[in-house]
Every structure is written in C-alpha cells, then in structure tokens.
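As a starting point, one isolated chain is supplied in structure tokens, in the form predicted alone.
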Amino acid sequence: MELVCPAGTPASLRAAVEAGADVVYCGFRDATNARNFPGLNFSRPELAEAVTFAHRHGVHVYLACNTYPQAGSEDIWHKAVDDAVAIGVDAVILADIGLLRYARDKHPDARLHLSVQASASNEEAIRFYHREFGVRRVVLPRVLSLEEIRMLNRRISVETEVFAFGGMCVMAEGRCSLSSYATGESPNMNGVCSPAAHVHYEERGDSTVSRLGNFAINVYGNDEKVGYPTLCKGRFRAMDKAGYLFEEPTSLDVTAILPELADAGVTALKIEGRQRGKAYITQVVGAFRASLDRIANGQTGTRSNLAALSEGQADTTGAYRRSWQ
C-alpha cells in the first residue's frame, strides 16, 4: 500500500521523504486547503522546489485544494488548480463539484483525487465522481468499517485511500459546522477548524479553562495536561454528568490491522498531521514505513509503538473494527 504523508512546511516535506514516504501531500498558503493555519503551507516557489526535491527521490507530491470556493472568489481556487498543474504535482485533491468540473475541463490530463471533504462513502457517489470528473482515487471518510471498505472496493473501479494515523473526526468530513458555529470560521470554507485566533485559556481557582470563542471547551485540574480546545473533543455537562460527549481525545492508529486493510483492497494509507512538526513526521512516517516493509517481507507483528505521539496518549482503530451498522 502506498504511504501518503503530510507536510505543512518544506522542512516537514523533506523529513517525510527521508523517512520513507511514497507520497507527500501539502497545500498552498491560502484558504484553498483545509489546513489554513498561520505558519503552515507552501508558496508557489516553495512547492516547485519541493516537487523537484521529491521527484529526485522517487516520491510523488499531491496538492490539497479541498475546501469549497466562496461565491465571488472562485478565481483563487481556479488559480490554485492551474498553478499546481503547472508546477507538476502528481495529483490534485479536490472536493467541490464545480472545482472538479473546472479541473477536468481545463486540465483533462491532470490526475484528480476526491478529498475526504466530499464525504463520498457509497458506490453510487463514487461512481458519479469517476464518471463525471474522471476521479481516479477517493479518500474515504473515517466512518466505514473494514467490511464496508472491502465491499466498496469490489464494486468500484477507482483507488481507495484511507486514514491510518492521527486525529479522528467525529463528523462526516465536509459536513461539520461545529467550528463555524463557535467561531464563524469553517474547515470546509476557510480551511480552519477551531482556529488559534479564537483560542484562549483562563485560570479558575485551581483549574484551567480552555475556551474557543465564547465557549468553555474543557476544565482541567492541576494534575491534568491542558489540551487544545478542539470543539468536538471537549468535556461537557449533560444530565448532571460531565464527560466527552462527542469524542474522547485519542488518535487513530491502524498499524495493528495493516494486513486486513491490504486484504480489503486499500490502495493507500494517509497519515494525518500537516500542522505537526518535522520530528513528529519523521517518527510516524518511519514507523509506518517499517511496518509496511515487514508486511512486504512476509513478516508478522506490524503494530508500532506510537502511543506517545497520540492525542491523550491513547489510540484506536476507529470505525474500521466496529461491529454495529
């Protein structure tokens, strides 16, 4: 399976390549990608240099242009597609139907991938994107079980890419409005989820309160590590009981089920984390490269020891092993 790795900066891209990535994905420094945070992403010259470096090492580069164009500002997204193709990226990752049509018509030879932001999770939707826009790979939402992925791959003619490590998204990607409700900025439109400009902390007696906009997301005792206030991972009180109503702070890690994912027909594994530093990238990519190489050599025991890098120092296989429908 192809190992698709994140890069939020040129330094992280080099680290991913050197650690064993098959592909590195990144975005331009604007609202056209879903990780539009200060200090992250690439200028046009930086991406051109990154593509040259990656190709020299036999590694592909995908450009994420996976937010939804805002009315009246479509030219920004069109230019991102045009520039990515001109620079020579190996695929453009898109979500918006209008942008997919633009890319297909303007650049018929460009390889197009469907972003997880499109939330295509059934064969009819995937066939539509393949038929209408020539999409050659779909990044599946993190809500499907292994058996559902296996059934999909039997019925569709495009490649599938699944998330393998990093943050979990409690909603169907592309359809979450929590951040927009709390801050006025959306990951789907502005490329930011729980943006740092809206984050602040305050002391309350012996506790620390983390806030996002006007909302208290969590209250930490002195013996607890204070986390970032991502709205869906907050602790809230309901029916006189406080707890993680949406999702506990934990990270996805599929190293224990890599053979099962391969058997299900998965083409590529996606590591999440473009906002992470190069040390994180080096360690996670290196661990996955070692696990995949063990599979290729017929060895067992693909489980990695990445718990220290997981959110809350806890990991999960997410929906992949769920038994309920």
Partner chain sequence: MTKSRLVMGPILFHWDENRKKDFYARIADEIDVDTVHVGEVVCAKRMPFFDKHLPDIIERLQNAGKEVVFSTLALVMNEREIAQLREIAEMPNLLIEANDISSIGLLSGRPHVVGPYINTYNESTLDYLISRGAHRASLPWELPMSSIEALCNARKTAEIEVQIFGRVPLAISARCYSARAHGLHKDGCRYVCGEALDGMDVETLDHTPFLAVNGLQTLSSHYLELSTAIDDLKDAGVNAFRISPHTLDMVRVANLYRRLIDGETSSDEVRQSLLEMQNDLAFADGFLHSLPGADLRETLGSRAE
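Positions refer to the first chain, counted from 1. Everything numeric in this text was worked out from a predicted model, so none of it was measured.
What comes next is about the form predicted together with its partner chain, which is not displayed.
Judged by heavy atoms within 4.5 Å of its partner chain in the predicted complex, the contact stretch among the candidates 83-91, 157-165, 208-216, 251-259 is 208-216. The candidate spot formed by Asp96, Ser121 and Ser177 lies fully in contact with its partner chain in the predicted complex, as each residue has a heavy atom within 4.5 Å of it.
Its partner chain in the predicted complex comes within 4.5 Å of no heavy atom belonging to Tyr201.
At the 4.5 Å threshold, heavy atoms of Ser115 stay clear of its partner chain in the predicted complex, well away from it.
In the predicted complex, its partner chain sits within 4.5 Å of a heavy atom belonging to Ala242. When contacts are judged by a 4.5 Å heavy atom cut-off, Arg127 counts as touching its partner chain in the predicted complex.
Contacts to its partner chain in the predicted complex (heavy atom within 4.5 Å) from stretch 129-166: Tyr129, Arg131, Glu132, Phe133, Val143, Leu144, Glu148, Met151, Arg155.
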